[in-house]
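As structure tokens, one chain now follows by itself in the form predicted alone.
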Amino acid sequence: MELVKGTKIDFMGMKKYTFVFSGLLLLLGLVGTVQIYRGQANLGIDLAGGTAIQMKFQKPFSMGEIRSILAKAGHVGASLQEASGENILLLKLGALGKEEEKMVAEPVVSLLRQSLPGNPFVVESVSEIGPAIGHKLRRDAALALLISALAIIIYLAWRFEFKFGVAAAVATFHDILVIVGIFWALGIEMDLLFITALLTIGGYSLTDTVVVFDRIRENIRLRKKKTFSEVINQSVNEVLSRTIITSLTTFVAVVALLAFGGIVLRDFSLALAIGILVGTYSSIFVASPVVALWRGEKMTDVKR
């Protein structure tokens, strides 16, 4: 099955525009990363510490009333999310210091039961993480991303050559930074599911990049073009249909998850949806042009 066939798009001719576009996105991502390090981003309790309680009420409830009850008890910064039509409340309380190291889920649940006697509820899940554990998880997540980058470089250096490995790592981290920047700019919460989404997108983007690199290697050996940029254009056009079909089918599945996955998976699905779009873009407009800039236009062979 081919959606497009025989295209002759000059992707390399657009690189000066796409590099500027990517540079702006990367700048946003770097600002977001610095803000995360400074604790100025919307981090979930997994990474910042705190308490999350999911409750299912028997009747519809008032978000304003619950917020008022919590505020009177000192929980002014509580985050409330409602699953529309299901009477489900997701309540999050951030850890603000050593005083918050103690468990607060039980007192908060008791407070709501006493304050809302006419609307009983069941507690579906509780998560309580101290600030120290949140800091450790944040550090471990950054370490996991760095290790994955090294693994990418080693794998592609072994399969192709070192410059291809570095270019693929650049494209992968481009995707990760872009998603971080978008989430930070929109104030969307970042938690461990978000980190999982970043690693998933890293793998997806890498797979797409390897497909393009494989075709470039084959076309270099065929010697049908005179310059490396011409080979890149030919290779990307040849795999363009496959890239579109793969991205489209994956994107549709993620959109379904976004629509029907509930509030717990909503941000995770959104990160995947953005990541698929960015990953597809970077495999065409970032990875190969970086190799061309570094390698030059000389048609030297890539190892088998």
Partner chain sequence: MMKSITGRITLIAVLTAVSVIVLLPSLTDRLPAGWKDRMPKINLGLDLQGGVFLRLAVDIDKAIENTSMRYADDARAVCRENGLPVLAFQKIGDGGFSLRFPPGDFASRAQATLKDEFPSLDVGPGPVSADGATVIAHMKPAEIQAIRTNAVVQGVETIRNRIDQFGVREPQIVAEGDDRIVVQLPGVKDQQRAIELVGKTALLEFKLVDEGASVEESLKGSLPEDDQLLYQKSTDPQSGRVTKTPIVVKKRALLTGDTIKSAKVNFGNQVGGAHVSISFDSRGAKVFDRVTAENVKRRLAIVLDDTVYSAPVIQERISGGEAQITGNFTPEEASDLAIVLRAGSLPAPVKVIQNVSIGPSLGQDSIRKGVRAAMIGALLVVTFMAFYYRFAGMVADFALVFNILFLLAGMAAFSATLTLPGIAGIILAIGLAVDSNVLIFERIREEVRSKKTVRAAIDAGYDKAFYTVVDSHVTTLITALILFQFGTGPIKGFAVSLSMGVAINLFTALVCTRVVFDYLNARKPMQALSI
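Positions refer to the first chain, counted from 1. Everything numeric in this text was worked out from a predicted model, so none of it was measured. We call the rigid core whatever largest set of C-alpha positions still superposes within 1.5 Å between the two forms.
Just so you know, the form predicted together with its partner chain exists too; it's not on screen, but the next bit is about it.
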Interface check vs its partner chain in the model of the complex: of 27, 34, 63, 252, the one with a heavy atom inside 4.5 Å is 252
Can you pick out, from 108, 220, 182, 126, the residue that has a heavy atom within 4.5 Å of its partner chain in the model of the complex? 126
Tell me whether 23, 227 and 282, taken together, all sit within 4.5 Å of its partner chain in the model of the complex, counting heavy atoms only. no
Considering non-hydrogen atoms and a 4.5 Å limit, does its partner chain approach residue 257 in the model of the complex? yes
Using a 4.5 Å heavy atom cut-off, state whether residue 80 contacts its partner chain in the model of the complex. no
Distance check, residue 268 to its partner chain in the model of the complex, heavy atom within 4.5 Å: yes
Using 4.5 Å between non-hydrogen atoms, is residue 163 touching its partner chain in the model of the complex? no
From first to last in sequence, which residues of 146-163 have any non-hydrogen atom within 4.5 angstroms of its partner chain in the model of the complex? 147, 148, 151, 152, 155, 156, 159, 160
Rigid core superposition, residue 55 Cα moves 2 angstroms or more between this form and the one not shown: yes
